[in-house]
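Next up, structure tokens for two forms of one chain, structure 1 and then structure 2.
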Structure 1
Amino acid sequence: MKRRIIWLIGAIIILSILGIIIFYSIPILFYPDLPFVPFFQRCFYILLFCALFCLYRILKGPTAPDRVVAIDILGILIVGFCSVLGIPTGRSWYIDIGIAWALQSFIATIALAKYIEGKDFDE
């Protein structure tokens, strides 16, 4: 019974945060006169919301593979942040950062998977 109440409270909080993200536009880094700015703002906040869930899984993950998967997903979200910031601001260096982060995230995920498996890096 206690778990269901906690789950229900968590679901209400998640749905209310998503409702705020969808229906309430908060100004951020974007130029207000560009088209589709509310869309990019909402994308930014949804990615931020997902990143908070990934950070929670990294901190509370029951096993090391759960943490590795959460770190990999967080890397993908950072690439999403770079693209969401790069398109409406018109700064192409955000995309360059996203590409470099994707390569680094891929290599780090492989290294962590090998470490968890107990193998050396040259195997």
Structure 2
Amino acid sequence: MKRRIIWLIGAIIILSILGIIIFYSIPILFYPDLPFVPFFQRCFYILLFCALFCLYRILKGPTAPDRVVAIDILGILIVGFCSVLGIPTGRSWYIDIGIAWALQSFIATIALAKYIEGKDFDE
């Protein structure tokens, strides 16, 4: 029963934040005369909200592998972030940054996984 109440409170908070993002226009530094700016502005804020969850897991994670998982997911999110930024600003080199970021994030995750494998993480 207690669990349901906590779930309800969390759902209300998350839905209200999403509602604020979707229904109010928060200003951002895009050029206002380019096309599709209101849509991509909201995409931008929703992706920032997702990255906030990853940051929570990085700060709170009980063991080191949890933090590495969150860093990996944050790297994949940033690729989507770059491609969302690329269209309304009209600068297509953001997608190049996305490709380079994906490559570097993959190599970093493999290296961190190899590093974790050699250590013992007890409780």
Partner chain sequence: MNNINDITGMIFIGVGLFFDFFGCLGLVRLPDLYNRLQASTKCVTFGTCSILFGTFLMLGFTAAGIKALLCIVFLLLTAPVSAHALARGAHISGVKLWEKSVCDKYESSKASGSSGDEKGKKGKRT
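Treat the numbers as computed from the prediction; the structure is a model and nothing was measured. Numbers follow structure 1, counted from its first residue as 1. The term rigid core refers to the maximal set of C-alpha atoms that superpose within 1.5 Å between the two forms.
- Of the two copies shown, the first one, structure 1, is the form predicted alone.
- Here Ile107 does not count as shifted, since its C-alpha moves by less than 2 Å between structures 1 and 2 after the core is aligned.
- With both forms fitted on their core, the C-alpha atom of Leu8 sits 4.9 Å from where it sits in the other form; this compares the forms between structures 1 and 2.
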